[in-house]
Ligand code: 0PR
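As structure tokens, one chain now follows by itself in the form predicted on its own.
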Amino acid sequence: MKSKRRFPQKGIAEGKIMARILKAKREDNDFTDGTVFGSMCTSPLEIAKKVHSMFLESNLGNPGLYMGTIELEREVHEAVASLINAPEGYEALSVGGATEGNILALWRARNECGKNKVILPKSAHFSFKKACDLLGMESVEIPLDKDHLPDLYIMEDKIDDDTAVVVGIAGTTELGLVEPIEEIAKIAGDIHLHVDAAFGGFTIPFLKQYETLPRFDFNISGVDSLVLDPHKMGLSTIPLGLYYSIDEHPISVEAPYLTGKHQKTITGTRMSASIPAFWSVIKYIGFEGYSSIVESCMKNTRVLLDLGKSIGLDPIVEPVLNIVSFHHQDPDSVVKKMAKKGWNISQTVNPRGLRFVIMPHVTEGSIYKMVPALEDCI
């Protein structure tokens, strides 16, 4: 029988503690060696790590105790609002990530209209399944067309009087596509439209070809809410998502024994150190810095695309963002073989294939090292 870990009776020396901690850290994947191609997260900037460690006790669930952190949060919300064209009177909330933001969007939409149906593309993140299950809502999945975008004719047909919210994705998880949010908004009409821009939100605005990409933000009439993740391409520490709504929403829970009398987020106590960490990143590198990093990722994306083609892989789509996916009939076996060689890659389900996320920690050099191993495994 496996022995059970018991709560220690006495403390042990710091040296022994750190030895065990360092062992665990070594066993974790490390972004710095460029072997991780399967993650939408990356190593935060050093300034973010430094600042994060200074705010470990901050809890914006009890905001009156942390007035300095609140001010940094306000500045973050305003800066990002300008990036996504949030209108006057918008509401911004810091959340644990896009999963929480997506749940929050569906919760608010349901309570506001009293309806129960969620129209979402097959490309939507699995967090929407969590949200529908938690909220007792019915999800209606819209199939994708030949371009791997939601079939708008079917979407329009499925919207009815019971529909509470329609969902669009800006930066799909599997392929990195930007869905036609503007067309979806026209179809949705007066129904709440929520945009999940967890990945694309901190990539699209910094691309040179920004003007040629489908619009995704509050510039589009009809977008009611949007979520994006600073802990992905925002280069901040985990966890942090930002949820925006076109106006203040009445949903809140009374918290009379705290300094903030009402809470609008799903979590109560909130680890808030990632907010000043992100503030430090956007101040440190600015728009120009983000643009340079994103363009470098896109350059490396094209490198991998060409190298993949050279070893006989067929791209599922031409990359729009920094994600490359190739057709493959048995991606699971390739992922396992690559893991044995020390490379972390992932797979797509719809359609079946191999998926590579070209984050800032992925260099041109690491791509050239990875591709021969990939050729052996396919």
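Note that residue numbering follows the sequence shown and begins at 1. Keep in mind the model is a prediction, meaning the values are calculated, not measured.
Absent from the display: the form predicted in complex with the named molecule. The rest refers to it.
Engineer: Scan Leu60, Val317, Met40, Val335 and let me know which has any heavy atom within 4.5 Å of the named molecule in the model of the complex.
Structural biologist: Exactly one listed residue reaches within 4.5 Å, namely Met40.
Engineer: Which residue, Phe126, Tyr153, Phe287, Tyr210, has a heavy atom that falls within 4.5 Å of the named molecule in the model of the complex?
Structural biologist: Of the candidates Phe126, Tyr153, Phe287, Tyr210, Phe126 is the one lying within 4.5 Å of the named molecule in the model of the complex.
Engineer: Would Ser225 show up as a contact with the named molecule in the model of the complex if we use heavy atoms at 4.5 Å?
Structural biologist: Output for Ser225 is no: heavy atoms all beyond 4.5 Å of the named molecule.
Engineer: Could you tell me if Arg110 has a non-hydrogen atom within 4.5 Å of the named molecule in the model of the complex?
Structural biologist: Arg110: no, not in contact with the named molecule in the model of the complex.
Engineer: His192 versus the named molecule, in the model of the complex: is there a non-hydrogen atom within 4.5 Å?
Structural biologist: No - in the model of the complex, heavy atoms of His192 and the named molecule never come within 4.5 Å of each other.
Engineer: Quick check on Ile275: any heavy atom within 4.5 Å of the named molecule in the model of the complex?
Structural biologist: Judged by the heavy-atom cut-off of 4.5 Å, Ile275 is well away from the named molecule in the model of the complex.
Engineer: Could you tell me which stretch in 230-238, 72-80, 114-122, 155-163 has residues with non-hydrogen atoms within 4.5 Å of the named molecule in the model of the complex?
Structural biologist: Going through the listed ranges, the match is 230-238.
Engineer: Pick out the residues of 177-209 whose heavy atoms come within 4.5 Å of the named molecule in the model of the complex.
Structural biologist: Contacts from 177-209: Asp196, Ala198.
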